[in-house]
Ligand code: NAI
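Before any questions on binding or motion, here is one chain by itself as structure tokens, the form predicted on its own.
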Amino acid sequence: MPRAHALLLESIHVSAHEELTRSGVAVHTHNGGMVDTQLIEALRALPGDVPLMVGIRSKTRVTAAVFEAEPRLVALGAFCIGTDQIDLAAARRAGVVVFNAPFSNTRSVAELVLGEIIMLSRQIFPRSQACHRGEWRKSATGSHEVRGKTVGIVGYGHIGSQLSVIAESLGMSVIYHDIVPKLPLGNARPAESLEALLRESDFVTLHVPDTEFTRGMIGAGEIACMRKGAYLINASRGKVVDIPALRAALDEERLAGAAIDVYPVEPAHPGEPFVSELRGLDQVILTPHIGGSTEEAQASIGREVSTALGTYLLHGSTTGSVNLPNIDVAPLREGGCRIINVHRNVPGVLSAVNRAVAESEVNVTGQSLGTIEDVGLLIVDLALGGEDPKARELCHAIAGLPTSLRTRIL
């Protein structure tokens, strides 16, 4: 019998299958995304009483209904950077741990943005399209080197900071803006404000998450602050930029061009038409949300997330979780077992668990506790093996506490 079943959606890279299989997980796949009712049905169809895990990318939205419907579900992996397609609060309240891949595709996104900066500055795409039409537009007019130009990075996280280093190696000046103070790399320097960054930059590139604060953060007013002839690049989230305002600035030639990889509304599948007000503009590079879509990045993401899922399954470690307390625990001692208990964070939980332990007369060899908002994670190591009746009874007693959300024994 497998240790767990994992349902991987949206053609997740085979590296994830291989890593999960090494952890004793039976992998089931589905090429496309699912709505919540389909996902619930698919999870319920998985056999046995072992833990269940789900792997998704950006198209599947996982709602509270999914977490509430299947008590065997213990973990969810987002094989991408963003987690806005997941109801993280509902996952936390249900005791389901969520992991993502904040590092694995940063290089791919940074390289795409850097390439677009060069392509925009050299006006490569209009000239390429002219050649395809049989026109020979050999001219230096409007074509510039990027050396000596200023790139303004909005969001100085994993991608923004890596782009900063690469851009500086080409001789560009780098300024950045982030709502959290960040240590500059190389000769980069923080801008006094977003408006100051917009005024100083020849290229503005966005690397922020999708939140209530970032949606529409680049609108008509912000675009009006940008230098005449500057370029805007968005490889973050589609709702960050006001597209009609961007189109107006391009039509009026206040901006020289743009490169857009993400959109407010994106096709749900390859056969659905792509609609955008930016279509047909020679000075705009449009790409179909492929910032992190390199074979290297997808293989790395597969390994990163599946390793986190496997480690949680086998040891209970939540390092890298985006919704539960991060607790890093050592592998189990030989001959012992471990109880993983996710519970509501209310007074008296630890006392109730310790009473159950005392009544069981089982020797505890280690205990770790962490809390985050309304949920706590308790890891209890026992001197008994996992098949010992006393260990099983204790796990059942802890699971039966009114505060318990998800409890299992390793």
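Note that residue numbering begins at 1 and tracks the sequence as displayed. Being a predicted model, the structure only gives us computed values, none of them experimental.
What follows is about the form predicted in complex with the named molecule, which we do not show.
Although the partner is absent from this view, Arg237 contacts the named molecule in the model of the complex, with a non-hydrogen atom inside 4.5 angstroms. At a distance threshold of 4.5 angstroms between non-hydrogen atoms, His158 is in contact with the named molecule in the model of the complex. The closest non-hydrogen atom of Val275 lies beyond 4.5 Å of the named molecule in the model of the complex.
Contact check for Ser164: every heavy atom lies farther than 4.5 Å from the named molecule in the model of the complex.
Against the named molecule in the model of the complex, the set Ala140, Tyr231 and Asp282 makes no contact: no member has a heavy atom within 4.5 Å.
The stretch in contact with the named molecule in the model of the complex, judged by heavy atoms within 4.5 Å, is 100-108, chosen from 130-138, 100-108, 251-259, 317-325.
Scanning Arg122, Arg227, Arg247, His289 against the named molecule in the model of the complex with a 4.5 Å heavy atom cut-off leaves one residue, His289. Think of it this way: in the model of the complex, the named molecule has a heavy atom of just one of His144, Arg72, Lys182, Arg303 within 4.5 Å, and the residue is Lys182. Contacts between 204-233 and the named molecule, taken as any heavy atom within 4.5 Å in the model of the complex, involve His207, Val208, Pro209, Asp210, Phe213, Thr214, Met217.
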